[in-house]
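Two forms of the same protein chain are encoded below as structure tokens; each is given separately, as structure 1 and structure 2.
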Structure 1
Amino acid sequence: MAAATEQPAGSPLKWLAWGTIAAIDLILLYGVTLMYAQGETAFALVIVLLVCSGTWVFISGRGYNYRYVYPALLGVTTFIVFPLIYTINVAFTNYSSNNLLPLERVKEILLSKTYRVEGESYPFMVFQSKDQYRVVFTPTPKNYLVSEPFTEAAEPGLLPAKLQSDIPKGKELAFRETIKLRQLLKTQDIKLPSGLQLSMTSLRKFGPMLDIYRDTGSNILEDVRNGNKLIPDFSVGHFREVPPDYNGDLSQRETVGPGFVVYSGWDNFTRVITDPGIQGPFLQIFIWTIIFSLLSVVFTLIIGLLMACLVQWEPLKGNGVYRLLLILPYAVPAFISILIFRGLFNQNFGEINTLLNMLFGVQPEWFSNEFLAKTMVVIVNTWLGYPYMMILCIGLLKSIPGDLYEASAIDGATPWQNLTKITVPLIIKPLIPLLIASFAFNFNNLVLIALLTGGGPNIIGATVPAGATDILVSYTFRMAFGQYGQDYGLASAIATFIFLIVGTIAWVNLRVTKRMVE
């Protein structure tokens, strides 16, 4: 496609490129109309924008240089920038498992609710041909209202019926056999040509069904049975039922049906600050996140540097083998190592406790004691992370001129003096941005927490599930995808807070790197 404008006009390659672009554009524009029809205006607009810019980049000669970056930028925008903006947007809504759908969908659900009308009802017959059944009514002799066929495996549904003068195909079932089918028949409603809906009301009869609610416009629904009104309460995202001509306080009335998503302003943020069941755990988790990241960086650095020095030390023979073995924790995928540790640290069945029991007669409760759980998390993370530091340190150590150590050896310096007076001062400067990056990585190290402890042991008195080893990311992860009551809005509010922190770290890192280059 890059060759589009480079070929002389009229060459087949150029036509091919233009054809491809046109085809892709057509498919995408078709998608846009679909989205627009479904009310996803924002989505549709974004895609129109992408189609236009993409087409320009690949057709115009002036956009030539952008052709190489456009797809990459598209990937980064769609899967990093857009989700970030979307998350911030969700933080200002009440989006949660209780308020999951947009208002329009909730309205549709309410409008599709029906009730059975007393009174008139119609006797029915069931005709069977092979494994298919049809419900048949005879409004007048020689006239048959025949439903669409259904099988025993049919999902609950609405079957349209048609009027015909011939007797339907198949054989009429005896009453006894019809009774056997009653569970199935109850799930199938019949829609008559007049629009009337019927469902089974007794063993011999179908009765009419009516919609409970009627749309009276401006999002207010009316209950046709008693004239009560359903009014959307936009402050909580629920419909509330009020009697006709009610003018009092909405917030005192009962809510009806599922909730819908509304913008709730700074509610989620104020909840974090004011709700004691969130504020307490949040602060505790925030402090632990920082301690955890700092400890991880410090320990991995110390061990990594130490091992790098040993591996690089010439008198220690066989350092190729040592290096290979030392890198091993980095070579094994983290999710496997973490799960291995989860099993090894197990209170009753774990090999670590078996060993400790044999040696010292103790069986620490690694997962239920807060301090031990935190210790375990740091130990495992150090084990996982030191090879990376070691690799970086080896690279940096190689750049230190060897004559420095020769000079210090002549002066009779100890290894400790070598380390603190020569090695560390020389490598600390290029190392700082890497340490900051490592801090940021551990700050968001969801995999470790989710797979090792799942956040536990739980903090008592927390409104939303929170654990002692939870870091901010795993806290939001549990909030949004945990087993109890997903609260996307609150999770996004805390994620927004994390964005600010990560953004600051990234900015600081950029500054430090720039200063180094200058």
Structure 2
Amino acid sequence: MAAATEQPAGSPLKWLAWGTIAAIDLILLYGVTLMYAQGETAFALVIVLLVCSGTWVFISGRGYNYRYVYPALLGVTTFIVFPLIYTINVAFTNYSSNNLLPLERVKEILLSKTYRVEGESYPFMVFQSKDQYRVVFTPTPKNYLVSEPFTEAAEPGLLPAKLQSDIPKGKELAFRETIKLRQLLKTQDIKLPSGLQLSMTSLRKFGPMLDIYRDTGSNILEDVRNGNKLIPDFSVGHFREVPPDYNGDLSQRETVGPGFVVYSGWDNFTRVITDPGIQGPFLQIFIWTIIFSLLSVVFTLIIGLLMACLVQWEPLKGNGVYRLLLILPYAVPAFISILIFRGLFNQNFGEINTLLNMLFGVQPEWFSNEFLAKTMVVIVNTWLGYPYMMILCIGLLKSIPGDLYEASAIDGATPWQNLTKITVPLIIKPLIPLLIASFAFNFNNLVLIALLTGGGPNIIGATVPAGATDILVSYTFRMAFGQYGQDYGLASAIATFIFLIVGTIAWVNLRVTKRMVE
């Protein structure tokens, strides 16, 4: 495309390139229109920005130098920058399982609620003409009430019905066929010429129903049954029901669901810092995350380095076989190894407890005791991580000149002196950036915690579900997608803290790497 845009004006290749770009832009702009129509304004704006920037890069002469890096910038913007901005935006809202919808959508749901009133129920028939259906009532032997046509793709709504003397064209559906349409019929209300509204009350009848609420303007709804009003409380994102003459504190009244999303400012960040039920578990989990990451790096490095030295030892026969066996934990998918260890550490039937019971008469409670659960997590993560460190150390050990070890042997150095005076000093500098990267990886090791312990045992007194073996990322995951409720706003606030921490680690990594290169 770059070559095509360099063709002289009027060149067929240039027109082809411009036509291709125009076609791509039209397709993307059509997608933007659909997103905006569905209320996805943020996604629509991102696509518009990418379309405009991409078109400028590939058409303008000034953007020529950016054509080769634009795909990478596009990926970074789409999969890193936008999700990060979106997460931070959610952190300033009350977005949760109780507050999922915008205010207008909540009003629509409330206004669609109906209640049964006294009145005659009408048997009904369903007529089909091609892909359209009509509901027909027979109030008198010679007259028919026929609804407007609707299809299986129809949205929930209100269908006007008119009185006519003849049956509508089409096939009358048998009862068993009508039953198949019951879910569709439940979403369609019928409005009679008298103004009475009918809804499906059984498999054979429609009964009179009325709207519970009516819109009085200014986002205030009125209950037609008792005159009570629903007033939106923007501090919590819920409507509250109050009597007609109520002038008291709105926050003392009961809420009416569903809730709606509102911007709550710094409330989520403040909760993390000040709420004892969140602050205590958060600090405990944060400290454990640091300890877990450090221990994982230290133990995997020590074991990986010792194993690397072992398989590099020349007198050892068949070291290729040992190298293959020691790398196997790294070759097996992590989730399989984790699930196997979960079974091995089972408190009642696991092989580890069976062996310990036979030898020492003890059966540790690996999943119930906080200290033992953390010990188990470190053991399993060390098993999963040491092959990676061993591979790195094998490569670094090969770069050390053999003359140094020969000279140390002449001087009578011990293996420990060789390790501490030659091996470690020569490999530690290139290892430091990799160790920092390993620390960052373990800092976000969600799979291990989710599959091995699920975060348990639980921390007593936590406002939201939190476990002793939870690390920050698993704590956030449970908060956002756990079975005890989803608080996306609070989870996004904690995710923002995690981003700042990991970002700091990455910055330190870059600084250390740059200093070592210099």
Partner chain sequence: MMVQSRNLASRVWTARIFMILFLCLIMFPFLMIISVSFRSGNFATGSLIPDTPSLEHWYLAFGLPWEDADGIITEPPFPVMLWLWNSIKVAFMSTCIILLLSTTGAYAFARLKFKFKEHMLTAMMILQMFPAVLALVAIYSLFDKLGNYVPWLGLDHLGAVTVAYLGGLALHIWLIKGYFETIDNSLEEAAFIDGATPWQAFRYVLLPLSVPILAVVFILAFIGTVAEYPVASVLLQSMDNLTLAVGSRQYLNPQNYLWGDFAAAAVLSGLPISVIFLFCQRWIVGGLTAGGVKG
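Note that the rigid core is defined as the largest set of C-alphas that superpose within 1.5 Å between two forms. Residue 1 is the first residue of structure 1, and the numbers go on in sequence order from there. All of these numbers come straight from a predicted model, not from anything done at the bench.
Between the two isolated copies of the chain, the form predicted together with its partner chain corresponds to structure 1. Residue displacement note: R176 has its CA displaced by at least 2 Å between the two structures (rigid core superposed). With the core held fixed, the Cα of A17 is displaced between the two structures by 2 Å or more. Once both forms are fitted on their rigid core, the CA atom of F137 lies 2 Å or more apart between the two structures.
Relative to the superposed core, M200 moves its CA by 6.0 Å between the two structures. In the rigid-core superposition between the two structures, residue position N219 carries a C-alpha shift of 2.8 Å.
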